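Included below are structure tokens for two forms of one protein chain, each presented in isolation as structure 1 and structure 2.
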Structure 1
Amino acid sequence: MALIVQKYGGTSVGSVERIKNVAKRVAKWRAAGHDVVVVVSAMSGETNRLMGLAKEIQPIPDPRELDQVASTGEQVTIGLAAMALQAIGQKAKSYTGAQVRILTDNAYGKARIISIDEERIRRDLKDGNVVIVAGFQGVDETGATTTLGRGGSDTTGVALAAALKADECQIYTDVDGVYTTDPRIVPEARRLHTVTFEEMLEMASLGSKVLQIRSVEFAGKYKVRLRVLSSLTDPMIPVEEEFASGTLITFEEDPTMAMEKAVISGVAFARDEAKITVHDVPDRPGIAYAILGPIADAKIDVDVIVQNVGHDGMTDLSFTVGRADYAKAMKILKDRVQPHIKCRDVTGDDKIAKVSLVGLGMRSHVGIASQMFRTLAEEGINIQMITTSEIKISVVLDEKYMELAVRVLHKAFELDQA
């Protein structure tokens, strides 16, 4: 008998019929002898609806009160899921984050988990219950409800799996695993049977939407075994068959795989990027901090950074930010930084994209970068910026070429080959 934590996202519980299918799937695992803890999101679109209501009353909602409102979507889902299980004869109990006592800090809207009291869950499991926990939420030391921010339900699932020392955390979503790239762009994309945490972490950070980076980081830190599965398949598929499906995220390369792992595991991409260049700044120590310090103080994440070779005591500094932060970053640079450092100009482009190759095989193979650059050059795609790590190469390019770049790189590195 294993202890399984299953997380179902908003699409998976998006209607009463889908909640009933979740109940059938969960009851199947319970009937096979496994203890099951279920983490659910709000029904698809519900959190956005609730936040919209809040903003109709208060254009910039009070963060504490906004969390009170936003957290109610999951409370509806846990109750419905518990009732759906009870209706088919399976004992079930539902809990909010506060009732479990998922203790967080008080950073409303983006709270961090401090600890989890799992004793109540263990008692209920021992009594034969399926335990259903609201994702995305917790409670701070004052008793106020908090939410965990984007990807919060995934984080709740992984955190509970870590606290309970579960055998596996299964993330059910509307896709059946992690693919070599987005099948909507490359129909020949393949589902990966396994992918390492290092690769998944890079893919999540580079734009893959299957798992949120925060939950992958949490799983890696606490050595939680993760599997991505589809909730849209037949809920009564045999447990053994379902257990072997999806994509398993491993800590080590799967020893059953070929001795030489594929060089590249996937092509990731991000559309919501913007590039900013600060022209003709003094080429002296501290200038990068003078430019990027105010950006960091504004809680704007900077990704790719390139500083040109200095000439005549001057240099250019380019970097990328999320497109949603582009206008804010430009205003900070023009209003505060440019007058201070006396640069010639600040220019930007919010129509760029980032395309990345990811794979552990890069550690032992040479020529990956040159093959990538040649492939793009043959299609007339200009590379604006480049950044690398041990297992990834990312390029920044004009957004209009993004899909073409993904397709040609996927083919060039034979990711369509089994």
Structure 2
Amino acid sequence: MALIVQKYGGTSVGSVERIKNVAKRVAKWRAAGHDVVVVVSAMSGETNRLMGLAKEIQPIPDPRELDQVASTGEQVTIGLAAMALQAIGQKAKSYTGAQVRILTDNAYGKARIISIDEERIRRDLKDGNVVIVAGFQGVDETGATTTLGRGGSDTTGVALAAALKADECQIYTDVDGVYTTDPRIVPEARRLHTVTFEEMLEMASLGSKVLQIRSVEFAGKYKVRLRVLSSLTDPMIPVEEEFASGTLITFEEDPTMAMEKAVISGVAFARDEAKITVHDVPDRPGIAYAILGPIADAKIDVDVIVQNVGHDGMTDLSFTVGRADYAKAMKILKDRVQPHIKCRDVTGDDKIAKVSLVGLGMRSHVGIASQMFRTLAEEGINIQMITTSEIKISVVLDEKYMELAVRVLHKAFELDQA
């Protein structure tokens, strides 16, 4: 008998019919003798709707109150899922994040989980219940509701699996696994049977939203066995078949697979980025800090940073930030940094995107970057910035070329071929 945490995303609980299917699937796993803890998201579109309501009242909503509102979608689905299980004769109990005490810090909108009190869950499981926990939400020390960032139910699922030392955490979603790239953009994308934890970490951090980055970090830290699979199949397919389906995130590269494995595992992309350039700053020690220090103080994450070779004692510094932080970052630079460092100008572009190749095979292969740049050049796509690590290469380009870039790279690296 195994203990399994199953997380169902927004589409998977998007209608009463779908919730009934989730109940059937969960009851099937129970009937096969497994303990099941279920994490659900809000019905698809609901979190956006709730955030929209908040913004109609306060254009920049108070963070504490926004979390109070945004977290409510999940409270609806936990109750409905519990009822759907009871309706087919399976004992079930639902809990909000506060009720099972998913304690977080107070960084509203992007809170981090500190601890989970799993005793109550264990007791309920012992009594024969399926326990259903609201994804995406927690509670801070003061008792205020917090949320874990968009896509945060994945993190709730993995964190619960870690706390309960579950045998597996299954992320049920609207695709049947992790693909070589988003199958919505490239229909020829292929499902990966396994992907290493390191590759998944890069793919998630570079924009593949199939798993929230923090859920992958948690899985790595606590060695949670993590699988991504489809909730849209027949809910009554045999458990053994389902256990072998989807994509398993592995911790070690399988040496027998390594020989055949493609050099590149996937293409990731992120469109919600913006680029800022500070022109003609004096090329002297401390200048990067003078520019990026105030940005960091405002809790804005900076991603790709490029400093040009100096000329006549002057240089340019460009960097990217999330598009949501663009206006704030520009204001800080224009109002506070420019007068201080006396640069010539600060310009920006909030219509850029980042496209990345990810693969462990890059460690042992040369020429990947040049093949990537050639492929983009042949399509007339201009590369604005480049950044690399041991297992990824990212380029920043005009947003309007993003989908084309993803498609041609996917093809050039033969990711569509089995």
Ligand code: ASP
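Between two forms, the rigid core is defined as the largest C-alpha subset superposing within 1.5 Å. When a residue number appears, read it as a position in the sequence of structure 1, where counting begins at 1. This is a predicted model, so every value here is computed, not measured.
Looking at the condition given, the form predicted on its own, one finds it describes the source of structure 1 alone. Rigid-body rotation of the smaller part against the larger part between structures 1 and 2 amounts to 9 degrees, from C-alpha fits. The Cα position of Gln75 changes by 2.7 Å between structures 1 and 2 once both are aligned on the rigid core.
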